[in-house]
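Shown next as structure tokens: one chain only, the form predicted on its own.
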């Protein structure tokens, strides 16, 4: 698949998905809890958006695999697999906050190839065709580039919620936050898009599934950044995640985590 074909199909999937999410955003909809203990919300918007995306992929690429948050995997051992999170940030969606997004990634042989983070309420679409990363809003399109911040003490960090870090991870996370110039919470996938656009310098999170991060890896890395787990290994399967604007600041983050965790 060439970059142009991937880009065109990602845009199509976003349009299909938004037809299911936008009419339900800031509307009166039911919310189900996927957990017996705790709260992991899912809405009809999540389910219908994923089903719509799955139908388009199956019709266009019947030999491709499909892995999504809400439904069973299809052909997961295929060379090309689509990883879907129809609404990343369902809590934000339920609250009416526009920091949620639709995440769609294309993997080839288990490695991220391309991806999109679509925020249809604001009209922002961050995506990578596997070569470069872009932001489109209406008729405007610009290539993305991460920031040139290389000193952690002058960096801006985002995370969804400091409470996501288990007891054994708190020291490492807190050490990074303490070094940063500024930290803000509650950004979900939108925070990673801001790293790709150069607006902020890093995101640190824990306990992510593959569909939470799959689409965001190529968007950030094709813009000049780096995404790994806390040990500097591949983040393609999820886990504890560091997304950074460049390798210099990434190295400082990993070193800070390691020193605080020993």
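Positions refer to the first chain, counted from 1. Owing to the predicted nature of the structure, the values given are computational and were not obtained by experimental measurement.
We do not show the form predicted together with a further copy of the same chain, though everything after this point is about it.
- Mapping the unseen interface onto this chain, residue 185 counts among the residues with a heavy atom inside 4.5 Å of a further copy of the same chain in the predicted bound form.
- Proximity of residue 169 to a further copy of the same chain in the predicted bound form: non-hydrogen atoms within 4.5 Å are absent; the residue sits far from the partner.
- Although the partner is absent here, residue 126 lies within 4.5 Å of a further copy of the same chain in the predicted bound form, judged by heavy atoms.
- Put simply, residue 161 is close to a further copy of the same chain in the predicted bound form: some heavy atom of it is within 4.5 Å.
- For the candidate set 74, 156, 78, 113, a heavy atom within 4.5 Å of a further copy of the same chain in the predicted bound form is found for exactly one residue, namely 156.
- Contact annotation: of the candidates 222, 66, 204, 200, the single residue with a non-hydrogen atom within 4.5 angstroms of a further copy of the same chain in the predicted bound form is 200.
- Contact with a further copy of the same chain, judged by heavy atoms within 4.5 Å in the predicted bound form, is confined among 209 to 217, 58 to 66, 191 to 199, 222 to 230 to 191 to 199.
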